[in-house]
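Starting off, we have a lone chain in the form predicted alone, written out as structure tokens.
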């Protein structure tokens, strides 16, 4: 038993010092640390003092308390999309994750990733890559990591090939956990997403409550970036197995009563509020992983800037991915996955130019505290929140996205090269 919490966050109470990876709770054999939501909806460790034996393991495993090596010198970047249009259509961007899974997971494997269940997001694992659709699509909520670090440790000791995907902070927690137990990680491949900060789960909870009042059903499926649209950039009709509308992805909500709702990205209050950095986890504003140096073998993201520096990889607005190999193991995974993709190697300088989270963490919005107070207030509805805090799209934005958008720029580039014979 102790009167002095070991972890820095529990000593100081400064929430920006906790990334919410959950490694401390998983390493505690006495159950003295529990992950619990605060008023903002983010999960933090809570100490049960009578169970603490002051062993110090929570301090040793915390990525915020201990240095973690980052990868940088062997980076190699690849841009492109899956040759299988069905995979590409069902993915947020170009389907790179599915291509890595398909080639890396040959036998005796286990795959970990984030699963969505209504508005809840949690980490789980599968042993059949045919079920990989559970881990596709961006969730935009920090998943409940549960006991997955413990599970990875067990599977690695059993000789399994393990692929673990998550946010950089979750990868950092896993690495420190395995390092503490001196687990052989030669058969572990870590895959992280380019993360621009996780929003408060309270927003979606309030949205869910509102939908129940207005439509009589709760959220059964939430697709933050659904590829919707009638035609692609050269006028061909879309089909369920081909391409999508990557530049104009909508939020699609399926309700428990069968109703379907959609909201265009640039008219969606959620995106406006999130992009203003009003509701991110406090640690996101001081994220130690928002840098070119990475903590995972492989980094995945959207190939932003594709219409500028590699328009040949735009692929009819169906979605395109960037894959960054940060280690030799990552390079091997990239080499194998690229066989099933349309694409080629690209310059890291170009990638970094269009990936803000590889350069810096998001800035703190000075109005965040005021926004979160409104969000926490049970008497303020999500409609009132949106009216007060979300920005309507400007005429300039509408013109740049809907009239003179990326698809039009790429179309002109294609015409130019067609007539120039290049």
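Residue numbers count along the first chain shown, from 1. The model shown is predicted, which means the values in this text are computed figures rather than measured ones.
Form predicted in complex with a small molecule: not shown, discussed below.
Undergrad: Between the options 141, 211, 250, 325, which residue brings a heavy atom to within 4.5 Å of the small molecule in the model of the complex?
TA: Contact residue from the list: 141.
Undergrad: Which residue, 302, 223, 85, 102, is the contact with the small molecule in the model of the complex, using a 4.5 Å heavy atom cutoff?
TA: Exactly one residue meets the criterion: 302.
Undergrad: Given the stretches 193-201, 306-314, 256-264, 331-339, which is the single one in contact with the small molecule in the model of the complex, using a heavy atom cutoff of 4.5 Å?
TA: In the other structure, the partner sits against 193-201.
Undergrad: Is the gap between residue 166 and the small molecule in the model of the complex 4.5 Å or less for some heavy atom pair?
TA: Residue 166: contacts the small molecule in the model of the complex.
Undergrad: Is the gap between residue 274 and the small molecule in the model of the complex 4.5 Å or less for some heavy atom pair?
TA: Heavy-atom contact with the small molecule at 4.5 Å: present for residue 274.
Undergrad: Give a yes/no on whether residue 136 approaches the small molecule to within 4.5 Å in the model of the complex, heavy atoms considered.
TA: Yes, residue 136 is a contact residue.
Undergrad: Using heavy atoms and a 4.5 Å limit, would one call residue 93 a contact residue for the small molecule in the model of the complex?
TA: Heavy-atom contact with the small molecule at 4.5 Å: present for residue 93.
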